[in-house]
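Given next, in structure tokens, is a single chain: the form predicted alone.
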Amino acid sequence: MSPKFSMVGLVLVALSLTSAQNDSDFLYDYFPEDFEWGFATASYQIEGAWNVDGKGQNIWDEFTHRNVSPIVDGSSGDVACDSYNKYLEDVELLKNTGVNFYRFSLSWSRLLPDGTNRTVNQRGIDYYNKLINALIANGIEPMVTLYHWDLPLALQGVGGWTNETVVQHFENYARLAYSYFGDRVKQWITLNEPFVVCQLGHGDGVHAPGHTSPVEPYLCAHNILKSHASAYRLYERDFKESQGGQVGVTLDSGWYEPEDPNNPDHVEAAERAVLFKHGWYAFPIFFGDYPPVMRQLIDQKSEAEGLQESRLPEFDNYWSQQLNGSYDFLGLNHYTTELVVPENRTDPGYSGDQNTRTYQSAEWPESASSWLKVVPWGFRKIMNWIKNTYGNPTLYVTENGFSDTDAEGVNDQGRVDYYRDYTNNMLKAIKLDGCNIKKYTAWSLIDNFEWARGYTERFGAHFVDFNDPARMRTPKRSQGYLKQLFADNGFPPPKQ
């Protein structure tokens, strides 16, 4: 598909999706025999050990240690779940739940303390070797994310993701990871949720490094995309033949539903919203350039603001070619859905650029996170949108989950309901709609440091007692549910 299709085409795609099956009937059936199940975590959220064994500081170390804490409960990931010391317990939890794979991230500054390849930290390499070997010894495939938000602080000091020099540093980091771990790791994710990295970290300022700018998110995204392409092409060129692995990227997106599906303006606005969210990063990877509607609107608004050049950078022919087709699979992180209405906006920056307003229905069930309403049918719709927009690529669900608080403890029926209904909609997307989905990854294995929300929101299938120095892990009801789901590989018909 060409990225230069018309707005009429976009509206027709959106209309077809809006009219897609929305039935609420539960589907009793099984996933394909080769379907795989797993859990996910991220290094800063679980490892702790923030300043030991040669690890350098990262931007979240600095962000959480500020005199006026930007974290809602004033906490940090200094200890977190102490998985640096308790990784074998985590592997045992994975084994007991019957997973096929475990998605975890490497800490860039644990391996390269200043982010460059001038100094390699052998103790960091040793830690990840031990974790990878323990997983394989227990029949669990490692799926490794190179970057899950914890940029080395030294690189941030020279501009971080807004400085193009980060691209070469990321390629050097990827080379180290492929070289040391690629003999056993066959599933690589370059970057996790670049939208969150760039918009929440550089636009809204609620994540590290805490910047607020209408321009920085677009510069950040541009360099992140180049970094992804560099890491992908490096593996393709120097490692794929000998190691036989795959490289992809994980993009997050909710589903964006038109408030009035019978109003073409609403349908067009909803399509615009998903193109600004998912298409911002996926279009360059699938088609070599940003979505045309982004180029059109941001260029127009930049000119109206009197800027000398557009806030949205351009790829030259080299980078367009490097990006185009730079995937073996696409990772999707999905949690919730929003309703969309069109709105002419003049506020500069990502939110205003798309001329939309989004909100969530008060009727949708809630979680502990203000942004996360339970809307299972939206999961099916975003997977169908990806199928129709990008030619039905191999899709891995790399995160999906539900938040609660301390009060639920291990009796997390809300999470059980969420996983049941979301995975059933994924089954419908596969069996009824023909979506090419191969893996499902529950977020998360254990309760952990939830970024700006600290420890006030829990996403784990295992309860972690953060008041206990031993960080005791206790299975929740959802762990038992997922264990049965994984073992059944779907939803057996009820016994008569």
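Please read these numbers as outputs of a predicted model, since none were measured by experiment. Position 1 is the first residue in the sequence shown; the rest follow in order.
We do not show the form predicted together with a small molecule, though everything after this point is about it.
Mapping the unseen interface onto this chain, residue 36 falls outside it, with no heavy atom inside 4.5 Å of the small molecule in the model of the complex. Heavy atoms of residue 419 never reach within 4.5 Å of the small molecule in the model of the complex, leaving it off the interface. The small molecule in the model of the complex comes within 4.5 Å of a heavy atom belonging to residue 459. Heavy atoms of residue 443 reach within 4.5 Å of the small molecule in the model of the complex, making it an interface residue.
Checking 187-195, 79-87, 160-168, 131-139 against the small molecule in the model of the complex, the stretch whose residues place heavy atoms within 4.5 Å of it is 187-195. The partner is absent here; in the model of the complex, the one residue of 356, 333, 223, 326 having a heavy atom within 4.5 Å of the small molecule is 333. Only one of 216, 404, 399, 257 comes within 4.5 Å of the small molecule in the model of the complex through a heavy atom, and that residue is 399.
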